[in-house]
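One chain follows as structure tokens, the form predicted on its own.
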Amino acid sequence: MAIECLVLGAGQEVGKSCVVVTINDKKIMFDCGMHMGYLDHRRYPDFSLISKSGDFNNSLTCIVVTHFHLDHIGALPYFTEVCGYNGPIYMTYPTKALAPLMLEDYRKVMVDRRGEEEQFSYEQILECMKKVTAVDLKQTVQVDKDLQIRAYYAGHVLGAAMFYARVGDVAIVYTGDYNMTPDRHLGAAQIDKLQLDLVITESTYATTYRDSKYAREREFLKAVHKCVAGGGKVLIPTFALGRAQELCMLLDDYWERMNLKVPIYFSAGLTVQANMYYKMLINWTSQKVKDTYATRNAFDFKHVCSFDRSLINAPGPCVLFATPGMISGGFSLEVFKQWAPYEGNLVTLPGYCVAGTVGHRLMSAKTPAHINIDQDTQIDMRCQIHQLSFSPHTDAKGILDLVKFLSPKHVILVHGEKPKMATLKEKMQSEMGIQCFDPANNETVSIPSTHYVKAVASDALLQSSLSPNLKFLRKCSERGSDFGGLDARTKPRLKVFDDRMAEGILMVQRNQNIEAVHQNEVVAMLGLESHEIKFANCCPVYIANSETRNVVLSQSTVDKSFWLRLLFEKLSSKFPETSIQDCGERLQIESFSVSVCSKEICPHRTTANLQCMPETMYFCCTWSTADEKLAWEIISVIKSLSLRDK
């Protein structure tokens, strides 16, 4: 069974996330976003690649949306109400609550203020959300009899989730956007250790390794304070949900500590509603925010108030949070046009800006500069630009840590820039040995999946695995020399191991269940005789000194165990981790058996061994094919025995 992944968006770019995964005829669309940098056909994913006829209800099993950002949900009303998809849609409770606010705010900006052609109406947004089923974290949802999904906490923004999907034995995780480190208002991503064929992960910051969060906060506060202390205005373009709350908490606390009186404004409307939802959905925030909720709601900002448009050109310093975050239009663009020409003002970009937006142009601009707003508008920019990553996306270390923890068989990178994705891909393959892909938009990647077979175990196999499999490891309590220090009365300490192992054969018969049976059963089933190949060698040990020889021969004639104790000590020293069983007249190591040979003529002696002197003693050894390497190592030890006085 193969996993087919059609990347309709966020392939080697950041924007319009949309991946259609096919697992055994089940088609799941993960995210349905729009590209914030385009206004033409590139704005939405190419849905015709799912179904040429437009029959999306029969082409898709379900849609899963990870969070409310427009590059993950912006095309959903268009797909459901214009393209006609009426199948199941799943997202978390906060995402379902906040998505209509984001979608309607975008519609107002694009249609009412910029005069763009309407893609979907407010009524269509409401109809779209009626089709959504909200899910809780770690709630397993049975979409149909074969497909199940489960959401895991992703950090990033309120309600963001990674999604696990399973069809039969095939399992994948689609991460959406996530953050592996906690911040002031959200916790770090959390997910179970899962057995996965594939992880599809974002790679926005594929090559970025961030420094201390506190160092970045200090740098941000220093830049803002310096600007307002000099009488300037600070524009912080940010999305109304997520970084806005994070930075408001940071500034509110700093203003309190520094006793600053400069006003901090939030652009009215969406942000006010967003803060209301943050207060309602406090259980989805960080543990610190939840712990202090009983005494103080972290989203009741003491120094932050709503902004009135008449204050845009009001004299005096201020700090303003305005949407959207990438200055792609709306109020943040309107304010930027007014404040950009003045040197004392500051625009600080706290997050990632997609190519094609004004924010992205500012990231590489040097003041002073001429910034093209659109084909007809150019701004003379003299204000300061400050870029600092307060992004809710994880960095390269976080991506690698997550992949290492989940240890999937394959990885697909999406939601990132092509050169950076290529670097991360090479790192994963070379350091982790995990096959990794970075497809472009409209490309399909085929991933082989693991096929598990359910087998019935026979009674004989189960009985053999339940029976004790005792192994004995003896170690002498005293260590003497090779010969003279060994006391025949010394009793070695005994360690007993019970390593049980079921050894069987998988039988596959036509039109019958697969069965694991004991090897003896197979012989009987096939009507064959059991055969086993054994090897043997009668190994000589020469006694070098006449005085030593007389002592040894006199003792060994009476007690052969003397020789075995001597050999036991040598083998215990050579193979300290190997179980050596003392079975009385022989030693047993796996299938290797060795005993003292008292035969004058032994069939297992080689021609060379038959010519040995009478002062030679013999150890008779037998073993099976499986232990041939071990056997020759033991025989080498036997041959190296030195029986002489020191």
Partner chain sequence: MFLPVPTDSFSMCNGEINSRSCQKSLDLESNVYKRRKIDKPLDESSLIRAEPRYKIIKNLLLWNVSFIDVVLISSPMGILGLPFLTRSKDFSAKVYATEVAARIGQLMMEDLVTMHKEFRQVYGPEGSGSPQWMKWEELELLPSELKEIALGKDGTDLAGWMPLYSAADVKDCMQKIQTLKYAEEAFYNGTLIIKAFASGLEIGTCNWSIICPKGSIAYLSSSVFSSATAMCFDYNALQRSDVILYTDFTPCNASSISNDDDNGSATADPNQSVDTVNWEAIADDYQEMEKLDFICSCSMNSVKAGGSVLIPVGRVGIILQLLERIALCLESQNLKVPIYIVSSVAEELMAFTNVIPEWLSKQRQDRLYSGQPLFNHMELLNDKRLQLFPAIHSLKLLTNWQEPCIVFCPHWSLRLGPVVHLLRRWCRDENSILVMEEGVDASLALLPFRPMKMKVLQCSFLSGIQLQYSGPLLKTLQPRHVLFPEKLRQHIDPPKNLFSSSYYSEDETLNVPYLKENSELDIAGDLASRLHYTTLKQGNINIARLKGELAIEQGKYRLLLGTEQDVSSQIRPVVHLGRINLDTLLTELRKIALNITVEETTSADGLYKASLVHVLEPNKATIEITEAQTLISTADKNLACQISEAISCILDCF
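The term rigid core refers to the maximal set of C-alpha atoms that superpose within 1.5 Å between the two forms. Owing to the predicted nature of the structure, the values given are computational and were not obtained by experimental measurement. Positions refer to the first chain, counted from 1.
One more form of this protein, predicted together with the partner chain, exists but is not displayed; see below.
With the partner chain left out here, work out from 532-540, 73-81, 414-422, 335-343 which stretch has heavy atoms within 4.5 Å of it in the predicted complex. That would be stretch 532-540.
Would you mind picking the one in A365, L388, I312, A516 that has a heavy atom within 4.5 Å of the partner chain in the predicted complex? Filtering the options by heavy-atom distance leaves A516.
Looking at T377, N86, S212, Q509, which is the one with a non-hydrogen atom within 4.5 Å of the partner chain in the predicted complex? Partner contact (heavy atom, 4.5 Å) among the options: Q509.
In the predicted complex, does N372 have a heavy atom within 4.5 Å of the partner chain? N372: no, not in contact with the partner chain in the predicted complex.
May I ask you to state whether A396 is within 4.5 Å of the partner chain in the predicted complex, using heavy atom distances? Result no; A396 lies far from the partner chain in the predicted complex.
Could you confirm whether Q148 comes within 4.5 Å of the partner chain in the predicted complex, counting heavy atoms only? Contact with the partner chain, yes.
Contact test in the predicted complex: Y293 vs the partner chain, heavy atoms, 4.5 Å: Flag for Y293 set to yes.
Is any part of 433-458 within 4.5 angstroms of the partner chain in the predicted complex by a non-hydrogen atom, and which residues would that be? The stretch 433-458, when checked against the partner chain in the predicted complex, contributes H451, Y452, V453, K454, A455, V456, A457, S458 at the 4.5 Å heavy-atom cut-off.
For N179, is the CA shift between the shown form and the other one at least 2 Å following rigid-core superposition? Stays below the 2 Å threshold, so no.
For S591, is the CA shift between the shown form and the other one at least 2 Å following rigid-core superposition? For S591, whose C-alpha is compared between the shown form and the other one after core superposition, the shift is 2 Å or more.
Once everything's superposed on the core, is G84 shifted 2 Å or more at the Cα between the shown form and the other one? No, the C-alpha moves less than 2 Å.
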